[in-house]
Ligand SMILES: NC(=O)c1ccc[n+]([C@@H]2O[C@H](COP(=O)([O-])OP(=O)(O)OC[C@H]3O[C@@H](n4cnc5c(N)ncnc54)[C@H](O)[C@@H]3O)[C@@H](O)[C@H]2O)c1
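One chain follows as structure tokens, the form predicted alone.
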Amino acid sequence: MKIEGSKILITGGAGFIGSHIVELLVHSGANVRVYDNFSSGDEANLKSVKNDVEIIRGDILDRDNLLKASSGVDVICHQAAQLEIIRCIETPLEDLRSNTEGTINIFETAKCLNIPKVIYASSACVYGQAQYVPQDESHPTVPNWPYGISKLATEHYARLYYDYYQIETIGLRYSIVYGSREWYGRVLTAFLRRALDGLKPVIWGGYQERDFVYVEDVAKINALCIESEKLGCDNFNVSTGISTQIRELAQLVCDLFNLGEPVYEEICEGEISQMVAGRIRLPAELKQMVLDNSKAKATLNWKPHVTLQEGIISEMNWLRSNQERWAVMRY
């Protein structure tokens, strides 16, 4: 499908990842319609394209409103979701409704309106604890958090909607996406907010391995999925394939912003930090999350371009101009 001139609905289009996708598609000549309930999205994320997009306030759980908002579109890019791990543990039914029921509503909308393709955000959390790294798409899927279960369920529904109704359904298993407009609450944001005040990052453990992919690279793979023909029903890891230990991430932040050495705090999983206000160390913490992106490279000709150092500097530059966005932890 050619992006230029196409009509695309982006759910969660005012959010962190969604707004970057909106910008890229608008600049590529698409007619973009944003559908967002603004529970975590922000119109400020769309200020560079606000005169070039249609914005509809609505929830993916409201099927009637979703049907109206999707009328006449060629493809749906579904980014709306409940994102926070602590919230999914505390309120698993809310997580299930937002991520699974909400995505089923997207598939039902595509079926009712004969929309031939849906690209949707899945997650590396479908894998659970790594049995090997880097994890490819064939890695066992044994989620350790309700969030991963809700995302894995959407992948199975996606397969059914392709089998039953021939709707192309492409799931993107994001690793740790970071960059400008990110919400405050995850590890890199905690490091950067302290660095902004001249404070050292605080590490719990530090040997956890993560795979950080920059948000603009994530937007590009969504665009490639829109353009690509005959993907059918498939899932792709969206990642760098590079392992970064949290202690290495903390040291990189220290080096970039002249903070010396990070500090360590001894707390157990599920405990509240005494050094970082409002922060909880996640229970059932993942030891490794490093994804193999070979399939996306081979099938979509996609690869990430932004290095972790470049991305951190870019995110900090954004934060310096938008400090009010991280004034309060959100989850």
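A residue's number is simply how far along the shown sequence it sits, counting from 1. Values in this document were obtained by computation on a predicted structure and should not be read as measured data.
One more form of this protein, predicted together with the named molecule, exists but is not displayed; see below.
Using a 4.5 Å cutoff between non-hydrogen atoms, P262 does not count as a contact of the named molecule in the model of the complex.
Using a 4.5 Å cutoff between non-hydrogen atoms, R186 counts as a contact of the named molecule in the model of the complex.
In the model of the complex, the named molecule stays beyond 4.5 Å of every heavy atom belonging to Y127. Although the partner is absent here, G311 lies well away from the named molecule in the model of the complex, with no heavy atom inside 4.5 Å. Checking I60, V32, A296, A69 for any heavy atom within 4.5 Å of the named molecule in the model of the complex turns up a single hit: I60. Just one of A121, I115, A158, A250 comes within 4.5 Å of the named molecule in the model of the complex, counting any heavy atom, and that one is A121. The chain is drawn here without the named molecule; in the model of the complex, the stretch among 296 to 304, 22 to 30, 270 to 278, 38 to 46 whose residues come within 4.5 Å of it by any heavy atom is 38 to 46. Residues from 71 to 93 that approach the named molecule in the model of the complex with a non-hydrogen atom closer than or equal to 4.5 Å are Q79, A80, A81, L83, in the order they occur in the chain.
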